[in-house]
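Only one chain is given next, in structure tokens, and it is the form predicted alone.
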């Protein structure tokens, strides 16, 4: 550690440029981590795919190359893929070359390569995993990394940790929002809102069905990732009171969300966290979410929203009719107390201190079998 803070090399997601929306919630994770750590006097250099935009970064180094395939489109037994020329390998080769200029590497790649390389580097690597278990090969290498270098793997929530082998080996870090970028609204309109990537695992069809059953207008915001899925939804629900507005940066997005009556979260998979939940709550917007994944650790049932049995459209409709019983000021207060940039900075800094003061890592090839025990 330097006299004025850690020198941190942050390696972004390799699935697309920051600011493009291709990285989904990971883009918010990266942005807020840079802001939180910079505010605490640490020095951050960010490596990211070419075309990235990150205004909070003092130093951003772009890399050309092919993007990694998104993990949520893989199967349990999908092999490791490295499209050439690989932006992932380019960023990590650079990190290998310049590692001695830094105290620690923090990365946000849900890919096999960084976990494999970490024990061979001379400085610690903090692996931030932003998705639950999706692939057997990734499960193995993540558990192996946590076994080989204790405290080196950070996750979003306990429910996410439970999807991986050896659930007690991971540091729980969470996420945050910059509260200054989200305006509180006490007097919303009648619209509901759904926010996220338009992709089957996000379960948009259930939100549309609930809007149709309740006859409550639903605004849809987010990256149109799967056009065939979206066209199928339009065909299945031709009369639903929905409006797709597109993908927006934070400022424009929150200006729409804050005027809505409630946010619907309808994931068909285990959300590792659920950034959209804290973004909505920061605006005072209650959250109606399935009792599945990260939202169960964010939404306070009956206080900041309602948790509904998974895949129950009827439960969503019932919760919609009860949404006026939620105090919007309590929603904002919950985020202030638990998900601010300052609280994220505390957790990241504590994690780094533990990792930098840990004993020497075990042999890179040790624990290949015990990692899964």
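Predicted, not measured: the structure shown is a model, and the values here were computed from it. Positions refer to the first chain, counted from 1.
Quick note: we don't show the form predicted together with a small molecule, though the next part is all about it.
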Within 4.5 Å of the small molecule in the predicted bound form: all of 119, 145 and 355, by heavy atom?
no
Against the small molecule in the predicted bound form, would residue 240 count as a contact residue? Criterion: heavy atoms within 4.5 Å.
no
Does any heavy atom of residue 195 come within 4.5 Å of a heavy atom of the small molecule in the predicted bound form?
yes
Mark residue 16 yes when one of its heavy atoms lies within 4.5 Å of a heavy atom of the small molecule in the predicted bound form, and no otherwise.
no
At 4.5 Å between heavy atoms, is residue 202 in contact with the small molecule in the predicted bound form?
yes
If you check 276, 106, 88, 289 against the small molecule in the predicted bound form, which one has a heavy atom within 4.5 Å?
276
I need to confirm a contact call. Of 26, 326, 317, 54, which residue comes within 4.5 Å of the small molecule in the predicted bound form, counting heavy atoms only?
26
Choose one stretch from 203-211, 241-249, 74-82, 109-117: the one whose residues place a heavy atom within 4.5 angstroms of the small molecule in the predicted bound form.
241-249
